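The chain that follows stands alone, in the form predicted alone, written as structure tokens.
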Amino acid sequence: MDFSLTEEQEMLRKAARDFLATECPKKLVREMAKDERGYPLELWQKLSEVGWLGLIIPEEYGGSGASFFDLVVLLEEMGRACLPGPFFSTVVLGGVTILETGSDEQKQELLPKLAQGKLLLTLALTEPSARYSADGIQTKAVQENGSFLIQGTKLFVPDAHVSDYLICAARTKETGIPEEGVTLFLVDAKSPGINCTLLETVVGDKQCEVTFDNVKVPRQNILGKLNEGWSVLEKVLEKATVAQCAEMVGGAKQVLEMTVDYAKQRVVFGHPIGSFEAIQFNCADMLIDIDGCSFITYEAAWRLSEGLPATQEVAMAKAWASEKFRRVATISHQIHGAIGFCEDHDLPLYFKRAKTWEVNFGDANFHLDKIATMAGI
């Protein structure tokens, strides 16, 4: 199967790499890790101006109407650049959810603003159990006078502190079957009863604890159908998982390039360390791991873009990428030696992301379990 990029996708990749090299230097990445907001407003506006915020939004809603595979190409370059900010939470977690299940009125209201950079979204899904399965949703939503009152705690909600709306998954009916009775609510982030606490993370990304204390949400803010939200979340999570894999592929490719460059320049005993067989074999192992990540991610992305079943391919991609990006970063640390552990070196930026992204949307064991079940074991 040929996953070669089209001419337009190659142009997108090159434009993204050039843009991010200029607008997102590593100095900015380090600064934003310590910045409470987590991204510069000027950069966010530029992302809108080049059309990336509306890349997969249909033209009728002010977007470019590109495919999910096109978004994966872009996200790979963002992973390579360690782009800070709420692009993933707004476009992937928020935008994809609205595209999957929003009404025509909701799409007309929200998607043009998203494409223009005037609306930030995120998905409030995981809870203290940190599960990406239906049984992990314990937050309750109870009907009262035509509205719903949401009560519960969400953890690791990306960019909730700057989002305009939170898409909250809550349980509206108890049936004994976890996949039933889940509803998605579009919640104004400024609603009374919402408390958002920014968490301290190893990578400096902006994850939050969000508590809902009888937060009132009107019935018209339901996304999709009452009690049928989990089937939508499964689709969203598949795309989010592959999108995360794309960022991991981009990060791993950059780590390999850094490592090869260093191996050519670092001289020991009168020779570049890249001339030693052990270093060469380690770099070859890195390339093999990355090539596998790239192919399996592209396969899953292509199937999702074509509307084909991709549950197994998505699980395989995340199980592989979770382990291999971390392994690539670890080998790179071994080749770089002590200098690779200095905070002003670029390598720690990627290693920390490898550890963080490894568990996002389920770690390797979570997805291996799904693969084994699909294999009939």
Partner chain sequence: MDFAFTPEEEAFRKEVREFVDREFPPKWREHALDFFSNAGGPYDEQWSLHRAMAKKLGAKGWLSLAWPKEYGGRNSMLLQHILAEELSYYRFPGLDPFGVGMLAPMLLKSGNEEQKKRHLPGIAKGETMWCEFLSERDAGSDLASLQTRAVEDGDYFVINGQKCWTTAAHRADWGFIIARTDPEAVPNYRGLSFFLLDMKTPGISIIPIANMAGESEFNEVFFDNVRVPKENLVGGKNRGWFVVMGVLDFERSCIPAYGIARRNLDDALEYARKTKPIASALRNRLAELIVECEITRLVHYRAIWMLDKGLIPNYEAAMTKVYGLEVNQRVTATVCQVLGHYGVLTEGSKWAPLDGQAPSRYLRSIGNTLEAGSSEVDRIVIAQRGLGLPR
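Fair warning: this is a prediction, and the values are worked out from it, not measured in the lab. Positions refer to the first chain, counted from 1.
Omitted from view is the form predicted in complex with its partner chain, to which the following refers.
Novice: Counting only non-hydrogen atoms, choose the one of 209-217, 233-241, 292-300, 142-150 that falls within 4.5 Å of its partner chain in the model of the complex.
Specialist: That would be 292-300.
Novice: So, Val260, Ser275 and Gly376: all three within 4.5 Å of its partner chain in the model of the complex by heavy atoms, or not?
Specialist: Per the other structure, all of Val260, Ser275 and Gly376 touch its partner chain.
Novice: Ok, Leu119, Ile194, Leu287, Leu155: which has a heavy atom sitting within 4.5 Å of its partner chain in the model of the complex?
Specialist: Exactly one listed residue reaches within 4.5 Å, namely Leu287.
Novice: Although its partner chain is absent from this view, report whether Gln280 comes within 4.5 Å of it in the model of the complex, heavy atoms only.
Specialist: It does: once its partner chain is placed as it appears in the model of the complex, Gln280 has a heavy atom within 4.5 Å of it.
Novice: Examine Met316 and determine whether its closest non-hydrogen atom to its partner chain in the model of the complex is within 4.5 angstroms.
Specialist: Result yes; Met316 sits at the interface with its partner chain in the model of the complex.
Novice: Do Asn365 and its partner chain come within 4.5 Å of each other in the model of the complex, heavy atoms counted?
Specialist: Answer yes; at least one heavy atom of Asn365 falls within 4.5 Å of its partner chain in the model of the complex.
Novice: Does the 4.5 Å heavy atom contact test between Phe69 and its partner chain in the model of the complex come out positive?
Specialist: It does: once its partner chain is placed as it appears in the model of the complex, Phe69 has a heavy atom within 4.5 Å of it.
Novice: Using a 4.5 Å cut-off on any heavy atom, which residues of 309-329 would contact its partner chain in the model of the complex?
Specialist: Contacting residues: Gln312, Met316, Trp320.
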